[in-house]
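Below sits a lone chain in structure tokens, taken as the form predicted alone.
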């Protein structure tokens, strides 16, 4: 995921100005004395603030819960949170600053793949743990890196498999023309091929493209059983209206790896959104006791005018809970000891179900759900319990090869 990853609309300039007023934010009542320090960087203003604000809201909720339960090692967890203003250069600056000046024990945050790949090498070199809590194209294999987001073995394999089971095996792929879209399209190709299906068309679109008439004509000619999109950003969102206006939403099913992540299911009219199928590890509509209590607390703190939460923001809650739990079990914030605890199969229960850290990949095993847009929400149609993280060919094994620092891509 790169800049403008999945952003559906820009929020108001007034909101951006308010959040950009200072370079960082402190939890209420924080004190510099007798604390354990963490660092975070979120897109709290700029094009990606629609995501960043919800990410920080979930992270802040976790931090408050940790402190209410006794903190970290009996001390208050104090998190210095920087606003990247959706600018890549800020990630570079603040990643270094958090380690070298603020002396934090862990850094969490980043939304896009480009932001991750700015932060990750810096923190790897400076030996400071990094948690990335976003669904992404998978493949990072780095002992200093931990991911709570879903990978293609979950949201691509399950989604394409369910679609082929329901509608047929001829697939047309539409994707954003940059690393997230290109690599995810490779995973789709692999999943379809492995299941005996056929890709009958594939197109990539720059993030500024908002006219899809020629593409709709190509899809009509190709006659796929379903279309699978990896769209990103507000320009691409215009496709859904054009697709419905052409009557295609009544003729060819649509599935997506990204739809709903920016609240489209509540922002688009049902006659456009209804029927679009997705696969995530979290939906607001999950009928889970933990989720009902968790979501009620989130809304109590943040109101209801935030859009709709799917995977990404709640994973920032998981990320902070994971790290605090690992530190408390390790009895220290020292990186090697915390890594050992995380690699010991640490599990955190949460609003989407339990997540367990996989020792080999430093990614999580998690429950995944098939959801279909209906009437301004997602109807949960299927649960697949405890899906392991993507690790094709067992390429990543950080226990056997702890010095690995690469990003693997699928082989088709």
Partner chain sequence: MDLAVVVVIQILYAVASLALISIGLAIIFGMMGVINFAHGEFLMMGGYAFILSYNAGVNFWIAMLVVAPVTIAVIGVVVERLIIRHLYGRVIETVLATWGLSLFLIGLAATVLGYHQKGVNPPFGTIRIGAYQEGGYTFFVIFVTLALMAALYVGFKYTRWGLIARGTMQNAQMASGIGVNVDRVYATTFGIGAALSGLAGAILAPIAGVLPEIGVTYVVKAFITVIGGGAVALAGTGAASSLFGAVSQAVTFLSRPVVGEVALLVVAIVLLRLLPLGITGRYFRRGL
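Keep in mind that what you see is a predicted model, and the values were worked out from it rather than measured. Residue numbers count along the first chain shown, from 1.
This next part talks about the form predicted together with the partner chain, which is not shown.
Trainee: Would residue 205 count as a contact of the partner chain in the predicted bound form, using a 4.5 angstroms cut-off between non-hydrogen atoms?
Mentor: Flag for residue 205 set to yes.
Trainee: Spell out, yes or no, whether the shortest heavy atom distance between residue 221 and the partner chain in the predicted bound form is within 4.5 Å.
Mentor: Yes - in the predicted bound form, heavy atoms of residue 221 and the partner chain come within 4.5 Å of each other.
Trainee: Heavy atom to heavy atom, is residue 125 within 4.5 Å of the partner chain in the predicted bound form?
Mentor: Judged by the heavy-atom cut-off of 4.5 Å, residue 125 is well away from the partner chain in the predicted bound form.
Trainee: If we define contact as a non-hydrogen atom of the residue within 4.5 angstroms of the partner, is residue 46 a contact of the partner chain in the predicted bound form?
Mentor: Looking in the predicted bound form, residue contacts with the partner chain include residue 46, since a heavy atom lies within 4.5 Å.
Trainee: Just one of 286, 99, 183, 235 has a heavy atom within 4.5 Å of the partner chain in the predicted bound form. Which one?
Mentor: That would be 235.
Trainee: Give me the residue from 303, 269, 74, 196 that has a heavy atom within 4.5 Å of the partner chain in the predicted bound form.
Mentor: Contact residue from the list: 269.
Trainee: If we take heavy atoms and a 4.5 Å cut-off, which stretch out of 258 to 266, 145 to 153, 314 to 322, 290 to 298 is in contact with the partner chain in the predicted bound form?
Mentor: Contact criterion met by 258 to 266 only.
Trainee: Using heavy atoms only and a 4.5 Å cut-off, decide whether all three of 211, 214 and 217 touch the partner chain in the predicted bound form.
Mentor: Result yes, every residue of the spot touches the partner chain.
Trainee: Could you pull out the residues of 314 to 332 that have any heavy atom within 4.5 Å of the partner chain in the predicted bound form?
Mentor: Counting only heavy atoms within 4.5 Å of the partner chain in the predicted bound form, no residue of 314 to 332 makes contact.
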